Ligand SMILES: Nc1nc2c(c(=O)[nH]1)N[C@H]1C(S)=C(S)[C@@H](COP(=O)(O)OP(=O)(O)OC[C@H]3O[C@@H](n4cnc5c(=O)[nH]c(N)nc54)[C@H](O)[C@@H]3O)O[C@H]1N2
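Just the one chain here, laid out as structure tokens, in the form predicted alone.
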């Protein structure tokens, strides 16, 4: 057990001076003052580099602020652009077993990796190796496999469009569609639901549309920590007269009061109160909430015909309305109140806001997408939007807020285990080979195959698969049974210590690093959460002259395997973009459009731009979903996993979560004080968290109880420490996303 400092009172205000001080503290500590200024002034700027943290879009060049970054972005950049290095002596002095004993937080503090490292079969230590030998090691293992499907190629959302496209090309030319990615574990439910009901898995809202919305409902999202720049645009919407509603089991300060550090009032004023209403919903109750809102809107239309629904839109652009209306004509309000933990009056108040609004946006993140019924829940959100025609018009639409910088671009580039045949047909025509057509495996199925011992080579383009996935012990055991594990990374993480019989660490350039090839300086591109594409150009001298870009690494391995000639791609990234323009939807004439628009360009979105829905019947589709929720037995609670404020995904920047009052550690669990009293537990005591799924118990040991104003019957704890409680078999219906929200747990006191 780790002793955690006595928690402080949770904050009720986000950003402001503390955020600025925190940003520069991290910058100065990792980069020094001069380097910090050089980096911060180029982040998210035209001619600069895209923040490697979240996928929140940038304003156009006319509205960009000189400091177009947030605290979490500053931490991400300082973490990557640190002056610290991991010398070869570190690997000589420390065995893999010794490195594995170092915490994830301390591994990240060691610094940038500067040369390829190889763990040979039977060895205990990594040793430096040349690039050519490293590429030959990969090629030797891949060529030896009897079936290309015995290899798995994982992708992190940080990868650029160019690297992602080349990576999937290499994998498919090798002969498999085994391309799991981080989206499988976060927003796959959004893509699944939206593709089915509106014909595109991407959100249908731009920054400008968000700012002119009359009602913004933020569900299952904590923008103050996970997408802080979003708060600036919510503030604009609020000052334009819009209303904002927060729906979350935990009260999050970013949606209570925002002190904008880009404005004088954020430094000396009282800030902007953002949320007009907060619904402290019970975990897993979101589907019931939107069923109830839809029911009340239908009822209001029946009471006042022609005043509530957009009947012209429903008749001209949608299908399935009659079935939906019939299904939702009656509602079990007792079940809704039990499922949501809300009073009917609270739901009716929110519905009144829908009735008043002529343009509504609903935003959500992983608080919705990682439930068993996530796809049905998001479908219910779209049902509510369709009733009032809130899609394809100014100020309205569905707005999933994706977490990692280019996770949406990766999917556009073909990083998908079940990419449509039309994409593969264009790929084959462009490169004169035949792609495999059988679907590959996603992240959840990769865990199952690791459990079965049937993965021989595991290759990761970024990320930290060993920590990010469910059933931690199962994943670690499966990775150690691989013949080869390969990780393309900038810094050390847990996945580098959970190795196959042979293992490679291939260090790569980061977003902040200047990328210079034989053809001169190179830039890459990213696609943000709202479908805007723009260039990213690093401006720092790389940590070592031997470092290669992700593109250079993929090209080198592909050449060693003996595929398509790759050298030109590694030297001139514009050649990759020309090929992307002939293969990827929406990227036609990619290079020309990019150069013609200094700030990049917005991808077309048929539903958003034209109210054209590329679904099975060319209509936006209402869906009828039965109410599903999560009852619990006495003594049991519902757990949601979440990030701290000093964290991005599995990367731990520090041991602080100042908004929630936590300092000095991460093994804490937030519990409502009334639940503590009912369970006979005391704030500050230590417990084991025990999850239950299909008769199997999983345990996370030594967590400090923190009395916290979360919803009754609901608890929260940080991941990846609690990923051990998740089962690889507990998956969202339809999307196969591992369930990280709504885990049934009990708390067992630890003897002192």
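These numbers come from a predicted model, not from an experiment. Residue numbers count along the first chain shown, from 1.
Form predicted together with the named molecule: not shown, discussed below.
- Scanning 498, 215, 186, 486 against the named molecule in the predicted bound form with a 4.5 Å heavy atom cut-off leaves one residue, 186.
- Contact annotation: of the candidates 390, 446, 318, 370, the single residue with a non-hydrogen atom within 4.5 angstroms of the named molecule in the predicted bound form is 370.
- Residue contact with the named molecule in the predicted bound form: residue 79 places a heavy atom within 4.5 Å of it.
- Mapping the unseen interface onto this chain, residue 478 falls outside it, with no heavy atom inside 4.5 Å of the named molecule in the predicted bound form.
- In the predicted bound form, none of the heavy atoms of residue 161 sits within 4.5 Å of a heavy atom of the named molecule.
- The named molecule in the predicted bound form comes within 4.5 Å of no heavy atom belonging to residue 15.
- Taken together, 152, 361 and 736 are entirely out of contact with the named molecule in the predicted bound form: none brings a heavy atom within 4.5 Å.
- Stretch 457-465 is the answer when you ask which of 568-576, 478-486, 457-465, 130-138 has residues with heavy atoms within 4.5 Å of the named molecule in the predicted bound form.
- With contact defined as any non-hydrogen atom lying within 4.5 angstroms of the named molecule in the predicted bound form, the contacting residues in 211-226 are 219, 220, 221, 222, 225, 226, given in sequence order.
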